[in-house]
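Provided below as structure tokens are two forms of one protein chain, presented individually as structure 1 and structure 2.
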Structure 1
Amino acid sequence: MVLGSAAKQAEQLRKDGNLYFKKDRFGAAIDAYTEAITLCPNVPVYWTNRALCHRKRNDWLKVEEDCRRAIQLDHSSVKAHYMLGLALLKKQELDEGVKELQKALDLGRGANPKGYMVDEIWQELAKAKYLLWEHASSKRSWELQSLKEACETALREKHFLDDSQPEGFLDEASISHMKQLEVLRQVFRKAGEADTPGEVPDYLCCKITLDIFRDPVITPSGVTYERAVILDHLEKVGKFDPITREPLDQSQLVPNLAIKEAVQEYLDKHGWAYKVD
């Protein structure tokens, strides 16, 4: 394809900007990308490149502006959705930020499931979802504690212990009162269990990394692995199943939708499992 004069100049400016960026000269890179945008405003990569410079400078408002423009030009821009998600998280717009990160992750997995960005995006998404869970968990914990105390107070008022009873003597009303208090405490302990960190079930974890699945795939042998991990194994170690040692090719890997759905259901109920080291 023959580029026009403006397009050629814009491309050269993009290359100049990339060179400045590699040398950490972000101001000069921004100037170069801005000139490229002036010449060819409908090229999304110029906007995402400039947004990346703004990100390096922690200018999140400009990151958001450039990414929104890039998305208008290319709805499938992984970098634009990713950096927009980060910018929204910086503004404490957690729900919207998570949506953009999830969009970036879905697009990234479709384009290059082994790409470094997929793992980076998942890490940021997991941190954001953990933060959402933490906020919601703290609120639930406070509400449960307040309700528990109110219920205990109501029970005590209903079954007031008579101080005139001889020491060591408990009548039926007092025994019933204590039983009700214990049942009440058990109910509230049960209610808080989902927010208590524990161990993720083995069947939801990759047999190689032992981490909870992100993008599970199943082999013809019936073993499920994390996609990026098994692809890395096939490329660097050999074309065989690491557990069964059966011959295995990338084309034989199939998304394990049942496990993926089970993982998501588990994470929805146990947000603490999003925590990453």
Structure 2
Amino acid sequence: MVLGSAAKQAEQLRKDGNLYFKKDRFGAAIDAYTEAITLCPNVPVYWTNRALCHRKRNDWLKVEEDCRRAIQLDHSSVKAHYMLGLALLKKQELDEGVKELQKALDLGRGANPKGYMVDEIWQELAKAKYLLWEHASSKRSWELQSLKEACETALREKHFLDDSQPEGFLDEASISHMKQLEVLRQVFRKAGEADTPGEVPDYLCCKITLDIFRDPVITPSGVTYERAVILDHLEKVGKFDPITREPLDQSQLVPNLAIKEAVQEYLDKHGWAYKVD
């Protein structure tokens, strides 16, 4: 392929922009990318590079504009979906932002599961999901707490009115009343269980990282690991299953789709588990 003169110039401008960017001279970088875009408006990378500069300057409206253009030119641009997601979150459009981040994550994993981008996108997605959960769950917790107190008060008052014994005398009715309050406490605890941070079930966690799975894969021994971690192990430690020690090659890893589904359902119900330490 022979690059026309405009394309050649545009490429040079992109290189210039990259240099300016490295030196934190974002204004100059933006100018260079803008010129490149003027010459060749259909190259997605010019738009995402410029968007990255806008991001550095917290110019989120421009980030959104440039990312949308980039996506029109290339539906599978990881960076475009990622930065668009961030821009939408800044606008408080949480649901749309999360959707874009999820798309970026899926595309990124398809291309390079161990890449730095995948981890960064996951961090932002988890943060956004956690905030969504936190907001919804505090509302629910407050409602539950109010009702619990109202019930306790109502039951106590009723017992006081019904109770014919002098104070301090423990009779069958009092014992039954105290048991009632105890069961009430259990009921409200159970009702608020999903919103209460606890321990993620073992079978949803990688035995190496002890974190909930993001991209689980299973080995021929039947053990499931976090994809990025097992790939790292095979590359740096040795070509064997970490737990069973049986010989293992990258090509033998199978995506554990059922567990992946289980993890998603668990996170949908227990948003606190999105918290990344």
Partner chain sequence: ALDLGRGANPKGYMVDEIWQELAKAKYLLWEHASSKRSWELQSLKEACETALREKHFLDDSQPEGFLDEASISHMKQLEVLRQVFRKAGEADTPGEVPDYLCCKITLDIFRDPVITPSGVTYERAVILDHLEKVGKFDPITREPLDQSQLVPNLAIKEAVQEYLDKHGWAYKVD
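Counting starts at 1 and follows the sequence of structure 1. This one's a predicted model, so the numbers in the text were calculated from it and none came from an experiment. Rigid core: the largest C-alpha set superposing within 1.5 Å between the two forms.
Q: Which number belongs to the form predicted in complex with the partner chain, 1 or 2?
A: Structure 2 is the matching one, since it is the form predicted in complex with the partner chain.
Q: Quick one: report the rotation angle of the small rigid part relative to the large one between the two structures, in degrees.
A: Rotation of the smaller rigid body relative to the larger: 16 degrees.
Q: Would you look up how far the C-alpha of R189 moves between the two structures when the rigid core is overlaid, in angstrom?
A: R189 is displaced by 2.9 Å at its C-alpha.
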